[in-house]
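In structure tokens, the next block holds one chain alone, the form predicted on its own.
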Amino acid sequence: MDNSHLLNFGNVTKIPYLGFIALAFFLYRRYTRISVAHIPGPEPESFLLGNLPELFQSQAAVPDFKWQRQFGDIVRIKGALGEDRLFVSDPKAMQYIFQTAGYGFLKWPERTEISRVLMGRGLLWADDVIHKRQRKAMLPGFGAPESKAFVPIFRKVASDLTAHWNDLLASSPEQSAELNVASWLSRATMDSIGEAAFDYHFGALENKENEFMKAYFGLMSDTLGQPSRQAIFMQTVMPVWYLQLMSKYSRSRRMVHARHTARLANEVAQALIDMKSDALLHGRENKDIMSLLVKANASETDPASRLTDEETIAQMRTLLLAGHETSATTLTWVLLELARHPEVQSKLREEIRATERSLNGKDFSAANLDSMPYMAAVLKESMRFHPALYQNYRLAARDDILPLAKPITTTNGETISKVPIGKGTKLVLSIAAYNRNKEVFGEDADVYNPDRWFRTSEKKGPTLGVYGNLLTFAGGVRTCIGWRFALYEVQSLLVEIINNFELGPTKDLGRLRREACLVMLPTLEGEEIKGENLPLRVSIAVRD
């Protein structure tokens, strides 16, 4: 007699018991690990979602500033199903997490899955030993000499942008027009990354309608902006394997867009890698980042240290999305503040033109860009005030203790200067809130003021970031590998724009949003689905 059906049925009946055991283990781990419930924090919206809707559905950094004002630089917030998490902007705690402990704080698994969907298993996806190996392989393309060598490419793209804007203004009344500068800058940085990273001409400034460009523009806001409560819950409580299934089979508009972009990017990346490998085989030397990466990877004597084909493709996708999006976003917010502060814009233009006169007809070099202190102050202040990457998400890999720069009083009335945390505790590291820390940046930290960077008073607090003590490029083992590349790219474009054009605000800025979609994108209220949008009045800048 065949009893296999009985065995199968028996296995099915065990499923509820296995689920109960899994739930019991989950609750045991949660309630036996070190508690942070005594840290003050906001009331949760509900037991089901905690404070997560406010965190992920608000405009970027709105809850960050609110909680920092109410509770200070270390705050207990609630995740789904009553889970305690920490919201951190304390300088000493941030230094410990980013630098001292290094890989003692890993990425949230669900955020890692988002990185995989958008960029593949590259540097922004990787953790621990994989991250170390990938970063080592990528370093040859991002040193100071390599980044400086790309300035002529950035200047050429900036000149192309100027030519397009001049053509538009020439046919406009009074040589002035309202332009969506965010879209233009996204296209310009895509061309910059194409030429410098891949020796490839995307032609984004000439034609934004080709399939590849259309897939990338608006990708972040379309796939990550304004998540529903259901999406927040599913991404928080469901295991990674379930999220992987959803990213592969979901028919939602967001996932369809993400998969379409990934397919196109993989095709372009593979073609470029084949081209670079062939050039290397035939002894042709190219200086773009991808060629340097392919060469370094091929010369690696230890096979275990090399990037796989999948990882190499993922690095290109990471450069395409993270590289062009963060630079464009950073410069977009710089231009917004210059439009809002004409006195700052005029002072910057004076410095640029004084430097230009000293060049005797030559173009700006990396050294010239580095020689302008007011431009550096404007960039630092804009990145402090509007960090493109406004939050990081980390998970304690072990039981640990966070040191605090400023003691806090717990709900039990105890004053503490260290916070013990348990393995698995999730942390939201607020770059935006740290960048507004008054102990570090002064009592006027909530005011946009480039002159703060010329103050002679001694810096307070620990050193964190690689640029102006900001965390805009993260820090420690997670410092943005392309931070020098990004700075020279942004400087090159900024010099050209301010030298040639006058920027002013428009009435639509009253609808401006800081869209929270992994990076902080400008969008307009009611038009979020259109993607990044910063409408500014652009006019020809008068020369003396």
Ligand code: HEM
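Here the structure is a predicted model, which is why all the values come from computation and not from measurement. All residue numbers are counted from 1 along the displayed sequence.
This next part talks about the form predicted in complex with the named molecule, which is not shown.
The single contact residue among Ala158, Leu335, Ala377, Ala474, judged by any heavy atom lying within 4.5 Å of the named molecule in the predicted bound form, is Ala474. Contact with the named molecule in the predicted bound form, judged by any heavy atom within 4.5 Å, is made by just one of Gln235, Thr326, Thr425, Ser221: Thr326. Though the partner is left out of this view, Asn392 does reach within 4.5 Å of the named molecule in the predicted bound form, counting heavy atoms only. Looking at Pro63, you'd find every heavy atom of it more than 4.5 angstroms from the named molecule in the predicted bound form. A residue is said to contact a partner when one of its heavy atoms sits within 4.5 Å of a partner heavy atom; Ile481 meets this definition for the named molecule in the predicted bound form. With a 4.5 Å cutoff on heavy atoms, Asn297 does not count as touching the named molecule in the predicted bound form; it lies far away. Every residue in the set Lys107, Ala388 and Ala486 has a non-hydrogen atom no more than 4.5 Å from the named molecule in the predicted bound form. For the named molecule in the predicted bound form, the listed stretch (313-321, 274-282, 242-250, 78-86) containing residues with heavy atoms inside 4.5 Å is 313-321.
Shown without its partner, the chain has Leu123, Leu124, His131, Arg135, Phe142 in segment 121-145 as residues with a non-hydrogen atom within 4.5 angstroms of the named molecule in the predicted bound form.
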